[in-house]
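Only one chain is given next, in structure tokens, and it is the form predicted alone.
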């Protein structure tokens, strides 16, 4: 973390630059009140009033401000945050800095009674709070949600899972994303945290989809290729022969990352796709763009 520009100082600056004077004064007074309070009452009032007092407009950060966020905390990506969400997080960061001993209990209590918009703010900000076993436990509870927006607040554009989840929880998150039809590409560390157990889990999932005559997202193979066994290689070959061009491309990208020498013959069976991979025309980013284009 860049100590000269902390997440707390950046949030404060961004809000100062965007809020009218009366709204900024309300926020400053609210921070003072919450800091001096000996109970959580003022905190609950502040968090509940933030949307009414400040509005729900997009924070709309510039490229330079997003770069500042990355410099302050690697992986912090507040590109689609709102004014009220930023203000809520600013209040919580102040409290976490002021009294870390009680903060975990306070945050868990907030999560237990939060509505969807509040939950999204709390989970998006988890990486910025002082790490603790209690936060890990709360993130585990959050992953069990049936609300896609809350799940994606944890899984998407959030450095916390990559930094703190063990392989078991990480693999569960990836599988849950597939079950709730959530994309994998916004998950930070998707390539770095791929592991043999996850590759096996995802191949089993693919077999279940095939048995039910249901499609398999091309993104799935991204986590399989680098850890494919000979048995998994047969799954990649099958997917590479798909009539769906996107599934074919995903399998071919995975084959190109497979360390098994047998993968080469499956790649060369499709010279046009192999050439696109070799010259950089076909990448995971390019495939992601095409996947997004088909769902818009």
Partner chain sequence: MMFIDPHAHMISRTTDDYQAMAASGVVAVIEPSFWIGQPRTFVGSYIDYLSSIIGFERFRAGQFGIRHYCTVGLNSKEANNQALAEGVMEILPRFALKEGVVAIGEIGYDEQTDLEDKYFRLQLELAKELDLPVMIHTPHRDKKRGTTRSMDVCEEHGMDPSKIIVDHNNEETVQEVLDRGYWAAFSIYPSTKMGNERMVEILAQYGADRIMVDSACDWGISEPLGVAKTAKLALQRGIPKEHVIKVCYQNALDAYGQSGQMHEDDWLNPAPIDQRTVYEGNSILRGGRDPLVEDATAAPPNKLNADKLIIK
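Positions refer to the first chain, counted from 1. Just so we're clear, the structure is a prediction, and the values are computed from it rather than from any experiment.
Keep in mind the form predicted in complex with the partner chain is missing from the figure; the text below concerns it.
Segments offered: 223 to 231, 244 to 252, 45 to 53, 258 to 266. Contacting the partner chain in the model of the complex at heavy atom distances within 4.5 Å is 45 to 53. Judged against the partner chain in the model of the complex with a 4.5 angstroms heavy atom cut-off, the residues 72, 94 and 131 are out of contact without exception. Within this chain, residue 99 is remote from the site of the partner chain in the model of the complex, having no heavy atom within 4.5 Å.
In the model of the complex, the partner chain sits within 4.5 Å of a heavy atom belonging to residue 112. Mapping the unseen interface onto this chain, residue 193 falls outside it, with no heavy atom inside 4.5 Å of the partner chain in the model of the complex. In the model of the complex, the partner chain sits beyond 4.5 Å of every heavy atom of residue 165. Residues of 114 to 153 placing a heavy atom within 4.5 Å of the partner chain in the model of the complex, in sequence order: 114, 115, 116, 117, 118, 120, 124, 146, 147, 148, 149, 152.
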